[in-house]
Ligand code: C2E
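Given as C-alpha cells, the chain that follows is alone and in the form predicted alone.
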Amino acid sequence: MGFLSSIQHLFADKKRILGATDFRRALNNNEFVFYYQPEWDLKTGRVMGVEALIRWESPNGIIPPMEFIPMLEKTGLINEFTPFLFNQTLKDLRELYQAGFDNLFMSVNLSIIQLKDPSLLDTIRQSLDKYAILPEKLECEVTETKHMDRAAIEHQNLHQMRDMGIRLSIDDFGSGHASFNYLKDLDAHKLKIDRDFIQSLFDKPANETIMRTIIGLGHSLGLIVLAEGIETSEQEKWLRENECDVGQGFWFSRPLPLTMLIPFLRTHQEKQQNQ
C-alpha cells in the first residue's frame, strides 16, 4: 500500500469511527426523531395509516437519512438502531390510538441488513407486546432490491413476519429489475410505485400506459397499489380515475412530527364528517 493510499485508508477509518461515535451519542441523546407521512385512500379520502420517516436532528443541523443510513448499514450499526425504531414508532402509534385514531397502521422501512438480524423477530414482538399493538397494524416496507435466496435468514424473517400477521410492502416498485423477484418470492400485501413514475406521468402517453399496466399487475396479484410522490391535483385525479388504491405525497401532506400529526388528523377528520 502506497503512502497516499495509506493516508486515505487512515482518514476513511477515522471517519467511520467518528460516524459510529456520533451515532451512539445521538441515540443516547434522543437526536433521532420520527416524522410521519399519511397514506390516503384515493376513493374515500380517508387516512389509512402513516409511514415513519427518520430525521437526525444533530447539534450541527438536520442530517438527512440518505447521508447516515448508508453509514449505519455499512458498519452494521443499523441493527443497534432497530430496537429504537420499533419501540418509538409503536409507542407513537399507541399515542395516536389514545388520541382517537385507532384505525391507523404504522409503516416502517427495513433494510436488507436489518432483515439479516437473527434477533429481528424478537425485537418486533417485544415492541408489539409492550404497546399492545396488533401485528396487522404494523407494516414493514422492503427497500432492498437484490434477489434473496429462499434459504437466507432475511427471506425466512420476512415470511415469519407475514405469518405473525405483519403486513409486508414492496417499496419503490419499478426502480430496479429485481422488484419482479419480490412479486414472485414475497407474499406481500402492498405494492408502492416509485415516485419517479408519478413525476413523469404526463411527460408522454407511454408513461400513462406503463402506470396502468403496473396498477393492473398489482391488482391481478391481489395487492393494494400505492402511488408515492403525488404533488398535484392532476396526478391525484388521474390515479384515482385509473383505480390506484392509495396515495402518498406533498399534495396530501408533508411528513409531520407526532405533535403536528395529531391536530392535522383531527382537522382532516372534521372535514370528512362535514362533507
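Heads up: residue numbers just count along the shown sequence, starting at 1. Just so you know, these numbers come straight off a predicted model, no measurement behind them.
Although it is not shown, the form predicted together with this ligand is what the next lines describe.
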property	result
Among 23 to 31, 39 to 47, 65 to 73, 215 to 223, the region lying within 4.5 Å of this ligand in the predicted complex by heavy atom distance	65 to 73
Selected contact from 79, 88, 175, 109, since only one has a non-hydrogen atom within 4.5 angstroms of this ligand in the predicted complex	109
Residue contact check: residue 19 to this ligand in the predicted complex, 4.5 Å heavy atom	no
4.5 Å heavy atom contact, residue 55 and this ligand in the predicted complex	yes
In the predicted complex, residue 189 touching this ligand (heavy atom, 4.5 Å)	no
Exercise: residue 234 in contact with this ligand in the predicted complex, heavy atom 4.5 Å	no
This ligand in the predicted complex: contacted by all of 139, 167 and 247, heavy atom 4.5 Å	no
Sequence-ordered residues of 224 to 257 touching this ligand in the predicted complex, heavy atom within 4.5 Å	228, 229, 230, 231, 249, 250, 255
